[in-house]
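First, one chain by itself: the form predicted on its own, in structure tokens.
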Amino acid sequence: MQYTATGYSKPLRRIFSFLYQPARRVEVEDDGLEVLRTAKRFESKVHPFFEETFYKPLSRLILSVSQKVKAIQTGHIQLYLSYIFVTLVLLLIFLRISR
């Protein structure tokens, strides 16, 4: 026998069970004789709370924004320099108005 990561994380899973919503299933096959078990299956699942709540929506947002920003990336250096020039002009106007 050896310890697995599941054994070390069990106390945390029990404390935060309201978030992780663990589910366990044990199946025992004994072919009619309880003493001679032929198979035993154990399955444990944890609901991916943080993944479903935070990471997936965040990744969808980042992917949608990157698809929209992709339109301004053409590969032409002159266009990139004009982006920089327009940004500098807008910043100077903004600074002038804010004073």
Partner chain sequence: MNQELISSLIHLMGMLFLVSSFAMIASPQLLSCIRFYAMHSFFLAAITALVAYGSHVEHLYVPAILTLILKTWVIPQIFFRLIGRLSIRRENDSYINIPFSLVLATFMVFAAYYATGDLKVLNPAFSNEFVPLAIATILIGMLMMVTRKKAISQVLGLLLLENGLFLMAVTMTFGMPLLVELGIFFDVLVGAIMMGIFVFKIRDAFDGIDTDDLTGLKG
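Positions refer to the first chain, counted from 1. Quantities reported herein were computed from a predicted structural model and do not represent experimental measurements.
Form predicted together with the partner chain: not shown, discussed below.
Engineer: Is it the case that Ala23, even though its partner is missing from this view, gets within 4.5 Å of the partner chain in the predicted complex, heavy atoms only?
Structural biologist: Looking in the predicted complex, residue contacts with the partner chain do not include Ala23, since no heavy atom lies within 4.5 Å.
Engineer: Check Arg60 for me: does it contact the partner chain in the predicted complex (non-hydrogen atoms, 4.5 angstroms)?
Structural biologist: Close contact is absent here: in the predicted complex, Arg60 is far from the partner chain, nothing within 4.5 Å, heavy atoms only.
Engineer: Indicate whether Lys70 is a 4.5 Å heavy atom neighbour of the partner chain in the predicted complex.
Structural biologist: Residue-level check for Lys70: yes, a contact with the partner chain.
Engineer: Indicate whether Thr74 is a 4.5 Å heavy atom neighbour of the partner chain in the predicted complex.
Structural biologist: Because a heavy atom of Thr74 falls inside 4.5 Å of the partner chain in the predicted complex, the answer is yes.
Engineer: Using heavy atoms only and a 4.5 Å cut-off, decide whether all three of Ser17, Ala39 and Phe42 touch the partner chain in the predicted complex.
Structural biologist: Judged in the predicted complex, none of Ser17, Ala39 and Phe42 sits within 4.5 Å of the partner chain.
Engineer: Would you give me the residues of 70-99 that have any heavy atom within 4.5 Å of the partner chain in the predicted complex, in order from first to last?
Structural biologist: Residues within 4.5 Å: Lys70, Gln73, Thr74, Gly75, His76, Ile77, Gln78, Leu81, Ser82, Ile84, Phe85, Leu88, Val89, Leu92, Ile93, Arg96, Ile97, Arg99.
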